[in-house]
Ligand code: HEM
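Before any questions on how it binds or moves, here is one chain, the form predicted alone, in structure tokens.
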Amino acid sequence: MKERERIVVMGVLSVLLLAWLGFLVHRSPRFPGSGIGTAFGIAGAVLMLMPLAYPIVKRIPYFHQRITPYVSMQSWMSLHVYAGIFGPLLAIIHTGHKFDSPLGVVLTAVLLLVVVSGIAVRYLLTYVSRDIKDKLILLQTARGDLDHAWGVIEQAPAELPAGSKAFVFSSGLASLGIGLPASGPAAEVTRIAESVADLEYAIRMDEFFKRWFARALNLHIALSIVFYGLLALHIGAGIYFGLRWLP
């Protein structure tokens, strides 16, 4: 299910980004105010309001206790993701690539940033966290193998060739990239030590990206607040100017 969700979301995101760039070759100034354009706008606005259900159910105990026994948080997250990606697509169609007003331009830009930051939090942060867990397991195993390899060398000193102490010492510096023997017990230590060093470096990089993706969550929340404020202004302006002919 998650794999299917990821494929659908990435596909719609690609269409969304391409649709936004459509203003380079197409503009329809009358479409946003037409019947079909208005229908797209209303449908997009409704879908973009639906993602609010997830944080409400998740963070407000009253709703969480009464709703989650019937509808799981995973289902609410799926609704959050699908509505949060299809709603913006309908909104981009609604624009007709008419980006003339400052409010419309800012609203569209914030909308795209909300979508991109949400996808980064939903998929990239999850992937990096899972990757760190997998690598930590591999690192624990590799360190065990390294201790075993060192034990073999320490328990059989007589079998080592002359100068073996230098080889053993240099094996401990494998993570620094020092040239080492190509065969024998010391070479096995070298190979495992290099694997440990590579895993430790990969984990540090994953942790770096995890910190930045975690910040993307705060950015996503802040942008969402700004977006809904701009959306309210846009809807208000549409109603005011669209119904100004009424007595």
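None of the values given here were measured: they were computed from a predicted structure. The first residue of the sequence shown is number 1, and the count goes up from there.
The form predicted together with the ligand is left out here; the points below concern that form.
Asks: Thinking of the ligand in the predicted complex, which stretch from 144-152, 129-137, 93-101, 72-80 has heavy atoms inside 4.5 Å of it?
Replies: Flagged stretch: 72-80.
Asks: Residue-level question: is residue 217 within 4.5 Å of the ligand in the predicted complex, judged on heavy atoms?
Replies: Judged by the heavy-atom cut-off of 4.5 Å, residue 217 is in contact with the ligand in the predicted complex.
Asks: Can you check whether residue 221 is within 4.5 Å of the ligand in the predicted complex, heavy atom basis?
Replies: It does: once the ligand is placed as it appears in the predicted complex, residue 221 has a heavy atom within 4.5 Å of it.
Asks: How about residue 59 - does it come within 4.5 Å of the ligand in the predicted complex, if we only consider non-hydrogen atoms?
Replies: Yes, contact at 4.5 Å.
Asks: Against the ligand in the predicted complex, would residue 31 count as a contact residue? Criterion: heavy atoms within 4.5 Å.
Replies: No, residue 31 is distant from the partner.
Asks: Can you name the residues of 115-143 that have a non-hydrogen atom within 4.5 angstroms of the ligand in the predicted complex?
Replies: Contacting residues: 115, 118, 119, 121, 122, 123.
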